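Okay, so here's just one chain, in structure tokens, the form predicted on its own.
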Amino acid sequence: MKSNYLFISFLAVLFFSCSKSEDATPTGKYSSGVFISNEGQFQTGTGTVSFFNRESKTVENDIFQTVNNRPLGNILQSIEIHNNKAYLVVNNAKKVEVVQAWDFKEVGTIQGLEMPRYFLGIDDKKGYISQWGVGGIDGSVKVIDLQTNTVTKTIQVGKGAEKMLKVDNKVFVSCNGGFSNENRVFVIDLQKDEVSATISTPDNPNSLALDVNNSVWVTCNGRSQWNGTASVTVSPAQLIRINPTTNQIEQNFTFEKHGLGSLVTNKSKNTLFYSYSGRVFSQNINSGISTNPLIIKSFYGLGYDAATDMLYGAIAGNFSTNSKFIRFNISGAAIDSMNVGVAPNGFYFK
């Protein structure tokens, strides 16, 4: 009896140890920190990924090249992490590189894309990739089998399919027109991988964010044209709020001119931060447009780090040499800046 009891106890301990090991999240050099996507020089260069360590306040540049001994490709558009894998969307190279998020070792490549923009993880088996398509105007969303890293379906949407936002069993897709113009947000049914609704919006919607009330906010850049000496506003920028249940626009804020860009929220999701006319503004979700800028500076990319309650602004520079990002507290005061790669355009906070 005693020997049987010991054997059963041994099996129980072994099973618990294996289960605990399998459930554990892998850890490594890049387990916690901030990833910065750097586009690289247009056509002639390669995109790079920089990693910022919050604790040591140090930056390691070009980590994909360092780990995998090869360039990433031209141009790095965005980074997203899903199920412990980082998806690096490489626009001009028409691919998405997949790496382990904790050590950045390559595990696969998604091909069959045309000007891809952003990745969105849906579940353990499926992901979406937005793309501008041939000529930069044939917008679509590619359905990806995450087990094989292959395209299984194409969902046609509007021109310049851009950022995506998952809300319950829907995905909202902003279409900014690509190299043209567009004025629609598309809603995809996640069960069918089909467009279930189309929302007419102001011109060229780009960024999306979900607030504490589960409402969808969208920045619409507006439209401009060149008159020979300057860019003139044809339609002004607008900030809209969509009810994700009814797909109806519930609120609309109109600006004086075009040029409304990156949109992020704070940790509590009750405050919006967005770029407009070379400045960054803060707006409570229950208030109107703020007339006083939080930060008087133009950024190529904007991010919010919930771990430190800080805003990050990416400086593109001259698009040919290494540049930097700046960190700000939520009152708009600059904290510090860090040197990164060529043309930083976005952040992923881990």
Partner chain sequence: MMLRFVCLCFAWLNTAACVLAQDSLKTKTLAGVVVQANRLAYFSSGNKIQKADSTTFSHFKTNNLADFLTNYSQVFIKSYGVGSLATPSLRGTGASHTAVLWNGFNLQSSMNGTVDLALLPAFLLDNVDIQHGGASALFGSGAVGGAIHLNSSANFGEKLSISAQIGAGSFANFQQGIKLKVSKKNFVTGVRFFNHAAENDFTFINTAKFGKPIEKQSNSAFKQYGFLQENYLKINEKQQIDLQIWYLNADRQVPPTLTTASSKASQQDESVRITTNWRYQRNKASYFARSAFFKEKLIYQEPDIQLFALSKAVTWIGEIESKIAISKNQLLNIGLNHTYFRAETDGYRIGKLQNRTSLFLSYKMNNAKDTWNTVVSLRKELIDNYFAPFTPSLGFEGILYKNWTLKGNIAKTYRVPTFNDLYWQAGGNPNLTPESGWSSEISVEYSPLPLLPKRVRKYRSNIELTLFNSLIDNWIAWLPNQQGKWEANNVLKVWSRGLELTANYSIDFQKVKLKSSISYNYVISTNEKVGKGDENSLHQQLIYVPKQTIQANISLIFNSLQLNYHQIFTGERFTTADSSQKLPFFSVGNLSIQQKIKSLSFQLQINNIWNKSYQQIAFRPMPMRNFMIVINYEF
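Here the structure is a predicted model, which is why all the values come from computation and not from measurement. Residue numbers count along the first chain shown, from 1.
Omitted here: the form predicted together with its partner chain. The next part is about that form.
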property	result
Partner-proximal stretch of 313-321, 281-289, 25-33, 49-57 relative to its partner chain in the model of the complex, 4.5 angstroms, heavy atom	313-321
In the model of the complex, the one of K257, K94, K267, K166 near its partner chain [non-hydrogen atom within 4.5 angstroms]	K94
Of I188, M115, A101, V218, the one that lies within 4.5 Å of its partner chain in the model of the complex (heavy atoms)	M115
Its partner chain contact at G45 in the model of the complex, heavy atom, 4.5 Å	yes
Any non-hydrogen atom of G73 within 4.5 angstroms of its partner chain in the model of the complex	yes
Contact of T109 with its partner chain in the model of the complex (heavy atom, 4.5 Å)	yes
4.5 Å heavy atom contact, G136 to its partner chain in the model of the complex	yes
Any residue of 332-346 that, in the model of the complex, places a heavy atom within 4.5 Å of its partner chain	V342
